[in-house]
Ligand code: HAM
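Only one chain is shown below, in structure tokens, and it's the form predicted alone.
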Amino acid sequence: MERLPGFRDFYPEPLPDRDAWSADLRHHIFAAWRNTARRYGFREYDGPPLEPLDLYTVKSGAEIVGQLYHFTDKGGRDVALRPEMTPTLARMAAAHDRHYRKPLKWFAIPQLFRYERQQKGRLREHFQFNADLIGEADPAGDAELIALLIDSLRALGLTADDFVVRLSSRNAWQAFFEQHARPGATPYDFYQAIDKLERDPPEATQARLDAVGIPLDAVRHFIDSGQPTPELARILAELGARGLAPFVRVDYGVIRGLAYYTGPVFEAFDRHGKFRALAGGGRYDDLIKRLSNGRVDLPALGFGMGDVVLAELLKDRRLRPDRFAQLDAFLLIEDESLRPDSLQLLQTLREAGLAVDYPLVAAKSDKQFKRALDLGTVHTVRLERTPEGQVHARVKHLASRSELVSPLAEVARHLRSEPAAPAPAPASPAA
């Protein structure tokens, strides 16, 4: 039996082959996302992976159905596996908006599904870091969210030499459209043309623009000018005050194809141009009102960052950890008469919150040590009995090769401390 096309198996390290996906790398990425979000005061939420199909068609139109895993359930309901998280968030926020003080600063790491053609950096499922700020219309909210995006990538070791956030505005493009488009033209067709500008040949773009009466040269001139609107200037100023100016620039070539965006939009790109966009988002001030049939009207903005392209970028920049330390310690049992004492220490260390493993059955010393290395342990611990019958522990920090002898009651403290100093050599007999 093989997995479905476009889906992934995640294996623990060491990986069985070079194309396998690492569960440990996924955990590393998720931890960076969660830790950064919490530093910014964001709270984690989640929702069901299966939602009513209408939740997505109301937001994105009927054309999205062809991209979804959807079916009629046993209750006769049209449902779909979630292709994105924003509609679920909008539904949840509208349902209980009076329960929470504004602004809401929420994040989630859902698994998302889309039935579409596979290509480099895009599968039929992926995990995504979603961060949203609801109930704040001031550009300070946009700056806060973009700063979170930047710091989420920095937490993985990426720098301003690796990525840039390209900042644009649907308001600026709307004003451009109203000034240049022929009467009766629809903004959606225009936005789709701009969104595909960098991917499609010029003749295809010009054909789309001809439909709304706008010349391609006028579009290129607007993009090249790069003059920030007052709202974008405010966002840039706030990011500059944080020292994050090197990570962001105005680029009207970004417009975001989704129709629900209403203000500033942005995307994070690999500066070397080897990968698809790392993340994207913007302001969607009308979506909650639309999905709640006008009952709740809250400004909102957010972004999504997928794990597929990000994992590939970390490998390319050699920022993927060489080893993933899974264990604080591996308990070596080389003297089977000390197994009961070893098991007692094992339980004590685990109850103290430390990750510890041990050999389930008797095994040779070299086999035990190899197992410890394979599991990425930080320390080895081995019990020894003195000639007087006392039992103590020899704690070794593998990276520094330093070790010390410790009473059993002190082992947990040593495992949490800095690498131990080398054990002193036995005293020489007096001359």
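Residue positions are given as counts along the sequence shown, with the first one as 1. Please read these numbers as outputs of a predicted model, since none were measured by experiment.
We do not show the form predicted together with the named molecule, though everything after this point is about it.
J.: Taking R122, N130 and Y260 as the candidate spot, are all three within 4.5 angstroms of the named molecule in the predicted complex by heavy atoms?
T.: Yes, all three are in contact.
J.: Heavy atom within 4.5 Å of the named molecule in the predicted complex: which of G281, P139, P299, P110 fits that? Just give me the one.
T.: Selected option: G281.
J.: So which of F247, F190, F303, W173 reaches within 4.5 angstroms of the named molecule in the predicted complex, heavy atom to heavy atom?
T.: Checked against the cut-off, the match is F303.
J.: Pick from 130 to 138, 337 to 345, 315 to 323, 148 to 156: which stretch has non-hydrogen atoms within 4.5 Å of the named molecule in the predicted complex?
T.: Heavy atoms within 4.5 Å of the named molecule in the predicted complex occur in 130 to 138.
J.: Just to confirm, L354 within 4.5 Å of the named molecule in the predicted complex by heavy atoms?
T.: No, L354 sits far enough from the named molecule in the predicted complex that none of its heavy atoms falls within 4.5 Å.
J.: So in the predicted complex, does any heavy atom of E178 sit within 4.5 Å of the named molecule?
T.: Heavy-atom contact with the named molecule at 4.5 Å: absent for E178.
J.: Heavy atom to heavy atom, is R82 within 4.5 Å of the named molecule in the predicted complex?
T.: No, R82 is distant from the partner.
J.: So, in the predicted complex, is R114 in contact with the named molecule at a 4.5 angstroms heavy atom limit?
T.: R114 belongs to the contact set for the named molecule.
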